[in-house]
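Okay, so we've got a single protein chain in two different forms coming up as structure tokens, structure 1 first and structure 2 after it.
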Structure 1
Amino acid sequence: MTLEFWQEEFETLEKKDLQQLQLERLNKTIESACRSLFYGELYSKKKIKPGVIKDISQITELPFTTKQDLRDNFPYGFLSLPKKDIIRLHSSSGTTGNPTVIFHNRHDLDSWANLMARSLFCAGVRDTDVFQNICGYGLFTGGLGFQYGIETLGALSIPAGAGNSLRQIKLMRDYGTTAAHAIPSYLGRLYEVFEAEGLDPKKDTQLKTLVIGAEPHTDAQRKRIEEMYGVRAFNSFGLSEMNGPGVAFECTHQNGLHIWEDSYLVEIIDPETLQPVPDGEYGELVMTTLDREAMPLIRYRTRDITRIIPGECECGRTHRRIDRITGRSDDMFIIKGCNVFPMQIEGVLMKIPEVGSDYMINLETMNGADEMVVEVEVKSDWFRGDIKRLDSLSKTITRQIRDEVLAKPIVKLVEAGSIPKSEGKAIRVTDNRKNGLLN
């Protein structure tokens, strides 16, 4: 291990060597997957056999796997090992049907912890840090995923869990927290508690690094977080189907997220044509596990929209970078004939200084027409009862959103803290239209 890399032998592999490693691991993955009920039947029908891939570009000849496949084959249809070899599962809530569940054996968990440690090291976290994990523990992957990574790295971990803002602040001040992980929307709410207590995180804590992820957010929101806390905030990407956090991470250059290509095969496709798009073009992220034994997934359609950032990173890592997730191919909604992603609206709001930390997009039917109502919290120290200022801000927001998404919204300005907060990831859109469906 050098000062710059956690695993230099993997992180700086030449392209041809990396592709050779991917080819070997992909064929091993196919061999393992064929032992599962789902892939065994599917690949038998399509006459796909282990060892069939001779060049990594042939990945496009394999069929996709979808979230619906996982639900249809719940709970054990994707399992490639006997249950006695499995030591943990993580699962979605399953509130709308069968949950999606991912199984791990000892090798899988060790590999995940190592990737998570590699990710944190890449962002500048070291074994001398005190790391507070402000994330739910349990079936959700964010808690335990970070926990084992922090411990593998050797930093002092504080498994704080989610919520209870006053306690989070006390833990930070008592133990001298220098790094923390939380979802972006929660950090906005936590800052309001700092202010209410008469504290300034820049002066009253030792924080220097924040890791943010688990929900889409804009670069403007990241910059706000950095300004509020006086830290550098690093973008983290993961999804439970690919283990959880630790799939891709920003390095200290903060110019895209390195996706760990020795463990994942990455494709970007057009979600309509399902064909690959060139580097630099946005499309849907498709991923294949290359180092998971209990439950390999091949060509999994994540529905996340991103792109491969062309060129090399100054840090020296050769693993390609993806751009921040701009939305999901299935969270786009259509209003007045315009395709709208919630991140477009957030991008507008977070650049307006008077806007607070929360907003909500409500799709309604009014007088027989569909309308987009955007509730926006204003900063508590901005409004002083001047209605003209309020009206001017409302018009500014309306104009800027209309210019961005080409559909005029109805903007409602509300007091700070008045929009209901969810326990986990922020819910940004509700669809109350007659026959309304989020597309």
Structure 2
Amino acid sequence: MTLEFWQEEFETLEKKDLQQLQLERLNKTIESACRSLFYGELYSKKKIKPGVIKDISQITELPFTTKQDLRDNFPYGFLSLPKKDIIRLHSSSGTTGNPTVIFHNRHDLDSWANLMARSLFCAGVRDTDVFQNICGYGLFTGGLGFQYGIETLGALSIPAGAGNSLRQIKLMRDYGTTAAHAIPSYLGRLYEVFEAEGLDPKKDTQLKTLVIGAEPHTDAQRKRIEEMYGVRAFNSFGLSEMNGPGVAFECTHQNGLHIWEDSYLVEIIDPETLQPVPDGEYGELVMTTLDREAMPLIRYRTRDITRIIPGECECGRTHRRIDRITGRSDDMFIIKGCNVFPMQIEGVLMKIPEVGSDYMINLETMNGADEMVVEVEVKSDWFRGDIKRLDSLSKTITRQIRDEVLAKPIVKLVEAGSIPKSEGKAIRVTDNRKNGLLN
């Protein structure tokens, strides 16, 4: 096997050297953060001074930063540099309250473009590829984030933008697109357009690599996309508060996402106790920027739930891997003492063809005990009229969900079409418990 890296000197750093680099960068980050209104005030109140961190594990002594902090200090409260040095901002849509806005100076944009190029290279994209970025440009980070990364890598970029499936297909065929980036749910819809046009992406395009991300998806969905397009699909992870795409990326081993630890300090905490959890256990991802000048963020609570995958990756990169995002800590509910994320249940159902992936989770108090009632649809085309078969299906689902989340559900089979179709990140949980935490 040939080992190939975009930046071998960073990607294969020994653990102690990586930690030394992190320590230097963290102290520099704290120093620059103190120049912002928000951290300046917070840290002087808590008597946190630059250079206070002697060992990287001391990060836990610093306070968290939350999305609410970003909103409360909108728009310029987190700026560490004078406005004249800032050259770009990206922001969330902010449908409720203030938007979340992140500022960059030239260094930040170069650093981000480099991480993005490193990420794409890690997934096997090369300068010989024709890369179609099927993604909204503008304030959203997926457009320009990928754009600069593709250009830094040196591949031919097609800034296709989002939507207009017929035009996407035409671009792919006209220019011989070999790699593309899109959200997983869009790739499903695009495939339907291929079919309607009498085209088969496996034969009628030269696609070999797809980069998918920006919305939670399961490994089964990935496999489905790989089969539909005859490609390898790589999971990408990013969030606008940490620049955008290019935070963590799968390598060609497709076994978790390398999170770039020279640029981000990574912690996984229990969202209830706020204490760190051991590697391998799920919790909320907390991140600190280590290479951002305009707007450093320290111990930012991402709300994304994942875990560190223990062990080393065969590719030779020493940066640790996170697992695919299983949900948001806001979506988590506790039943019978178990922390449950709806994505875990979706993951189980995706593997069972008879029921597909539409589901509802209703938390109920029944006879004084709290129960998790999972409603799943019996798909019409799988129905054979056999009561024994359905009964055993219902038992199988019950067992598999219990094995996954450790709490035994009450599985209710319901008629096809009776559960509202999901719109990406639709809320699938209702809490009707007497002392329910949701709602």
Partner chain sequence: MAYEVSIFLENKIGHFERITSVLKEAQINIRSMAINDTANGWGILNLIVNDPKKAKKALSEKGVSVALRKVIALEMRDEAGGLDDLLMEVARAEVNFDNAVGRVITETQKAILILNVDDYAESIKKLKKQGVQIIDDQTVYGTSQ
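These figures come from a predicted structure and were not determined experimentally. Think of the rigid core as the biggest set of C-alphas that the two forms share within 1.5 Å after superposition. FYI, numbering is relative to structure 1, first residue = 1.
Identify which of the two structures, 1 or 2, is the form predicted on its own.
-> Number 1 is right.
Selected hinge residue, Phe383, Gln275, Asp330, Glu371 [rigid parts, motion between structure 1 and structure 2] = Where C-alphas switch their better-fitting rigid part, the residue is Asp330.
Can you give the angle in degrees by which the smaller rigid part turns relative to the larger between structure 1 and structure 2?
-> That works out to a rotation of 36 degrees.
By how many angstrom is the CA atom of Gln400 displaced between structure 1 and structure 2 after fitting on the core?
-> Between its two positions, the C-alpha of Gln400 lies 8.0 Å apart after core fitting.
Met350: CA movement between structure 1 and structure 2 [superposed on rigid core, Å] = Comparing between structure 1 and structure 2 after core fitting, Met350 shifts 3.3 Å at its C-alpha.
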